[in-house]
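Next up: a single chain in structure tokens, the form predicted alone.
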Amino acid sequence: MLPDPIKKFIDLFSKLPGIGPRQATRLAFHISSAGKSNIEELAKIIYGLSDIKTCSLCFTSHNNAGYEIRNTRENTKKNLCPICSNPQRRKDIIAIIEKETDLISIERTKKFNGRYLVLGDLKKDGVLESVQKLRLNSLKNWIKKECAGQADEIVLAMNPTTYGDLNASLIANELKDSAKKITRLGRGIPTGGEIEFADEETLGAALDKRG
């Protein structure tokens, strides 16, 4: 009954976060009726995502190579994101976050001048995935090299939920020897809330009250 291009669109887009089959179907028909030029422009924009790179230090996505630095041990070059390559940002203060949308929200407050580590979505059972363990180990090794063994502060910017608190405790234990102090965001964000959806004033207050 449905044209094959519509079926394929629905199958693909219904797998995306927050989009089920019904929403994907609506999107498919909306886009198909937008006209050929608009569809081609959308296709170009989606294809442009293939140029996105992952920062080798904080693991956020970016399309700006930043400064290229030479890894003397492996004799390779690393592409850094604009934050990691910015010499004005403090390298001895690192915020651990789950999602890149959390980074965007924190940056909007203009109250944090450190750097980040994007872990990826944390599970509710308090068990870190292998990729997340590798990223934490990468951070620990970087701190040893660039911060004389200890960062000044590591901020655990986890969502103030039960599983967020559980994972924060787990990560704090993993990094206890890597920082002079490990802090959490203040409770400006209501319990059960998410950093991604906090307004700038509330999130800024949580940053100011971290401890």
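Residue positions are given as counts along the sequence shown, with the first one as 1. This one's a predicted model, so the numbers in the text were calculated from it and none came from an experiment.
Just so you know, the form predicted in complex with another copy of the chain exists too; it's not on screen, but the next bit is about it.
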query: Complete contact of K123, L156 and Y163 with another copy of the chain in the predicted bound form (any heavy atom, 4.5 Å); finding: no
query: Option from 141-149, 178-186, 165-173, 45-53 whose residues, in the predicted bound form, bring a heavy atom within 4.5 Å of another copy of the chain; finding: 45-53
query: Partner proximity in the predicted bound form: T25 to another copy of the chain, non-hydrogen atom cutoff 4.5 Å; finding: yes
query: T101 within 4.5 Å of another copy of the chain in the predicted bound form, heavy atoms; finding: yes
query: Partner proximity in the predicted bound form: E129 to another copy of the chain, non-hydrogen atom cutoff 4.5 Å; finding: no
query: 4.5 angstroms heavy atom contact with another copy of the chain in the predicted bound form for L207; finding: no
query: Residues in 16-41 with any heavy atom within 4.5 Å of another copy of the chain in the predicted bound form; finding: L16, P17, G18, I19, Q23, T25, R26, L27, A28, F29, H30, I31, S32, K36, I39, E40, E41
